[in-house]
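One chain follows as structure tokens, the form predicted alone.
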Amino acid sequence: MNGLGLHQRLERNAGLLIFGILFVSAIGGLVQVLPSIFQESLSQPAANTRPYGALELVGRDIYIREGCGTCHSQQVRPLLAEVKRYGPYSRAGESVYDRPFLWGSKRTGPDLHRIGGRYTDTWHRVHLLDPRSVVNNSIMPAYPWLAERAANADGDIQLRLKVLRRLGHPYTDADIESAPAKLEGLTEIDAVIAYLQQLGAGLGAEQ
């Protein structure tokens, strides 16, 4: 009877009901989040995982800017059908240098986590400029402006690397100093291709 009375009070009091929902949700969230904070294997890089180079980092930022993650996931799930189609399933250690991570769940286009090395730089360039010239039924839009804008247009690559180093990424002073030179004369499409070509390279000996 007391339990029923409490339930009725919760139903009639919007404030108590909201508090109850938030409290229960918080417990569920903690049960999911806390173990991942203290599990070292989730924060240790895989065998060949390395921080992004200057050009790859710019390419990743452009990938995010253009909304590529809206249609492409970067998470091969441990299911037979996925592994057969895309390659070895994704490991947490491959994403330790991703801020934010781009696992995603929506697949209008294919998953890209194992795209690195599957196609040549030329294929990627043509595909980004005119998708239907290489994939007849593609609904992906073209990105011609990527070939027109300089990769170092924002001029803040050193600042990006310094911020990531403060967050724990192992960039050296030499990496930061040489970053602008590595972007010199290149365009945004070069940066995106460099980023795509390293996707999946961090699996290493764990494959």
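In case it trips you up, residue 1 is the first one in the sequence shown, and so on. Just so we're clear, the structure is a prediction, and the values are computed from it rather than from any experiment.
Not on display, but discussed next: the form predicted in complex with a small molecule.
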Exercise. Thinking of Gly67, Pro110 and Ser138 as one candidate spot, does the small molecule come within 4.5 Å of a heavy atom in every one of them in the model of the complex?
Worked result: yes
Problem set entry | Contact residue in the model of the complex, chosen from Val83, Ala92, Cys71, Leu129 - any heavy atom within 4.5 Å of the small molecule | Cys71
Exercise. With the small molecule left out of view, which of Val76, Leu102, Ile115, Val96 would have a heavy atom within 4.5 Å of it in the model of the complex?
Worked result: Ile115
Exercise. Hey, in the model of the complex, is Leu196 touching the small molecule, heavy atoms inside 4.5 Å?
Worked result: yes
For this session: Look up in the model of the complex whether His124 has a non-hydrogen atom within 4.5 angstroms of the small molecule, and give yes or no.
Result: yes
For this session: Determine whether any heavy atom of Tyr52 comes within 4.5 Å of a heavy atom of the small molecule in the model of the complex, and answer yes or no.
Result: no
Exercise. Closest heavy atom of Ala191 to the small molecule in the model of the complex, within 4.5 Å or not?
Worked result: no
